[in-house]
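The chain below stands alone and is given as structure tokens, in the form predicted alone.
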Amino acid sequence: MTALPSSFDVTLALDIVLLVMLLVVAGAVARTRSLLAAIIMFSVYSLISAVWLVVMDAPDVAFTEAVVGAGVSTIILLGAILLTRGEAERPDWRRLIAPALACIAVGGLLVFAAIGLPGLGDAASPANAYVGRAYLEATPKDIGMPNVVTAVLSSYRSFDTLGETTVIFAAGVGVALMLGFGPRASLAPPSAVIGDHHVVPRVAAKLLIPLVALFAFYVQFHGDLGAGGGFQAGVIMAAAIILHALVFGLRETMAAIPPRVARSLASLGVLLYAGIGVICMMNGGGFLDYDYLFPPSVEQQIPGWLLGDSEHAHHWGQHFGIMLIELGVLLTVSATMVTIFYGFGGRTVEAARQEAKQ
């Protein structure tokens, strides 16, 4: 058995294989006219991208890509195509010349720019030598959190994360305004009699949905130690609710979590996030400066050993501040996803009713 050459890099070979798979799937998406096939292949594309991100040592981003791209987005798109035609119209090939040339030009520029990028993990690269190293050195002292990614997103760059949360909320409001707040998003309560022709999916869902919800809370509260956080946990929680709607019916889910409650939770998450910043300002600090989350008199009474760090008691405010704003992110993300699903699902049921009447 011949040994592999010393220069053989398994990671590089895996990167090439994944890149080829992405190109093949992207080409298949561009060629297919079936919307259902395109959505399924988009889900496969997201899964391959998630694997690639794990290989690139970016588990947080891979987590989000797998849950959002391959999970909830696929479900919402599958619900959306029920309101449209099953296949896309075949356009005139002459109209595709200009977009194709533009894509080739932009792709060539990106490839040319990527040649000058530093190598993965290069300690002398700007990201690792300047800003990245500063965060790695300052996080244990300033935040006291093992996961530097969460510390950067939720504390150092908390303004940006608040903006991202607000954008998600605004997107949900925009979709709800387009789909309607009336009967399209609010169905009648479910009937008392439930059929028994879906016994196996119902029993399996009753076992899986609590586990999915529990995993969402694990991801939420584990974000300061490893991959996770409010964005990922919110999407997982939304997936549990959407799974309930797919198995038990949209009326059942809307009766348990009415659309107005979902919309209220989405706004409550943004208010909770911003409210933490206001509390910090009231205690003499800056907006979202968690070191001032508790008044100094209360801060002095908190023993540092509760967080395992007797020398830096101010980490108590950092931990609680990050935990609360991540909870706000979870509420906004999950409620927005559910609101969008309710909008599409309500329109689908209404269209079916009108078709049945005709």
Partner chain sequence: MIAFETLHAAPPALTAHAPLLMVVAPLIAACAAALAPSARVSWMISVTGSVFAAWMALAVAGEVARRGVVDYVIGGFAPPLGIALHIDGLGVMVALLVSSAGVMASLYSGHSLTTEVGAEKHTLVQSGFLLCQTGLLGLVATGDAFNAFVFLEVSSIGTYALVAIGEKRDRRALPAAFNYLIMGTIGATFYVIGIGFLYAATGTLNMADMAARLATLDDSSVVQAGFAFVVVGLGIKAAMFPLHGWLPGAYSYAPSLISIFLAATATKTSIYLMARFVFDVFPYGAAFGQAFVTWVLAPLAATGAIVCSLQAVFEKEIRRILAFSSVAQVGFILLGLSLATVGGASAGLFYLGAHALIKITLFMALGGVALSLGARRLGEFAGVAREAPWSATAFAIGAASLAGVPLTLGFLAKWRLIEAALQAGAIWVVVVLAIASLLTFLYVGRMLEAIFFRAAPAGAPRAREAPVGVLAPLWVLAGLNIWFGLDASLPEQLANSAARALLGAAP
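In this text the structure is predicted, and so the values were computed from the model without any measurement. Positions refer to the first chain, counted from 1. Each form is matched to the other, and the largest set of C-alpha atoms that superpose within 1.5 Å is called the rigid core.
Unshown form predicted in complex with the partner chain; subsequent notes refer to it.
> Which of these stretches, 201 to 209, 250 to 258, 237 to 245, 132 to 140, has heavy atoms within 4.5 Å of the partner chain in the predicted complex?
Checking each option against the 4.5 Å cut-off leaves 132 to 140.
> Just checking whether residue 215 would be counted as a contact of the partner chain in the predicted complex - the rule being heavy atoms within 4.5 angstroms.
Residue 215 lies outside the contact set for the partner chain.
> Mark residue 173 yes when one of its heavy atoms lies within 4.5 Å of a heavy atom of the partner chain in the predicted complex, and no otherwise.
Residue 173 belongs to the contact set for the partner chain.
> Quick one: is residue 220 in contact with the partner chain in the predicted complex, heavy atoms, 4.5 Å cut-off?
Taking the distances in the predicted complex, the answer for residue 220 is no, it never comes within 4.5 Å of the partner chain.
> Does the partner chain get within 4.5 angstroms of any non-hydrogen atom of residue 271 in the predicted complex?
Residue 271 belongs to the contact set for the partner chain.
> Judged by heavy atom distances of 4.5 Å or less, which residues of 133 to 170 approach the partner chain in the predicted complex?
In sequence order, 134, 135, 138, 142, 143, 155, 156, 157, 159, 160, 162, 163, 164, 166, 167, 169, 170 come within 4.5 Å of the partner.
> Return yes or no for residue 119: a CA shift of at least 2 Å between the shown form and the other one, with the rigid core superposed?
It does shift by 2 Å or more.
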